[in-house]
Every structure is written in C-alpha cells, then in structure tokens.
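Quick heads-up: it's one chain on its own, the form predicted alone, in structure tokens.
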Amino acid sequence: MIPGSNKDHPSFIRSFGYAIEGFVTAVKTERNIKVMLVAGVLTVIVGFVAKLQLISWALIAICIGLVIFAELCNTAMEAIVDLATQELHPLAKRAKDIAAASVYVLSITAAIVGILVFAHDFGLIGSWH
C-alpha cells in the first residue's frame, strides 16, 4: 500500500483476514499470548461456576480483552524494534522493557479486578455500594 493513497488498499473483509492472520501468528509463535489465553479461558470457566452477574462478566471480559490486546501490542512493538536493529542497542532494550512493563501493569490490574469480582460473587466481600 502506498501511504496517503487508496491504491492497493485492502478491502474491509481482507483487513479482517490480515488481523486473524496476525492473531494466529502471535498464538503460534509467542509463549506469553498462550499464557494469557489460557488464563482468560480459565477465568471464564470459573465465571460460569461462580454464576457471575452481568456487570461482573462485563468487567472480566474487558480485562481479558485488554490484557490480550496489550500482549499483542507488545509483541508487535518487539518485532518492530527487532526489524529496526539487530544490535543490542540501549534504546532497543528500553523500548522492549517499557512495552513489556505495560503488559505487566495491566495484568496486575486485571488480576486485582478479577479478585474483587470473584470475591464479591462468591460472597467473600460485601456489595459494591
């Protein structure tokens, strides 16, 4: 595709195909995305067992989606850095470390939300108000 041009711009449907291809590539090649997906599936299973309320499902779905999104972005940023330089440059390390830290912070936040949601729905803590 030529920047600023519609020439050779993929169709809307083809763009979805590229997105799915990217997701499948990430799942096949990246350990951390597999870990995040397994954690998400386990969380959903526990959610069914706990018979989560609608708002709890919304919070869990948002957290799972955001963590997977962050891991995909981190993976893409690492690939871009690797493409830009093959040497062990301090700025390359900095970029990769900061991208990984963003996933870490979001994962911890999602875990806290999950603990609060499940503790509430299992009756371990009081109501939200």
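A residue's number is simply how far along the shown sequence it sits, counting from 1. Just so it is clear, the structure is predicted and the values come from calculations on it, not from any experiment.
Below, we turn to the form predicted in complex with a small molecule, even though it does not appear here.
S.K.: Looking at 100, 72, 59, 46, which is the one with a non-hydrogen atom within 4.5 Å of the small molecule in the predicted bound form?
M.R.: In short, 100.
S.K.: Evaluate residue 54 for contact with the small molecule in the predicted bound form, applying a 4.5 angstroms cut-off between non-hydrogen atoms, and reply yes or no.
M.R.: Output for residue 54 is no: heavy atoms all beyond 4.5 Å of the small molecule.
S.K.: Does the small molecule come within 4.5 Å of any heavy atom of residue 34 in the predicted bound form?
M.R.: It does not: once the small molecule is placed as it appears in the predicted bound form, residue 34 has no heavy atom within 4.5 Å of it.
S.K.: Please tell me whether any heavy atom belonging to residue 92 falls inside 4.5 Å of a heavy atom of the small molecule, as the geometry stands in the predicted bound form.
M.R.: Although the small molecule is absent here, residue 92 would touch it in the predicted bound form, with heavy atoms inside 4.5 Å.
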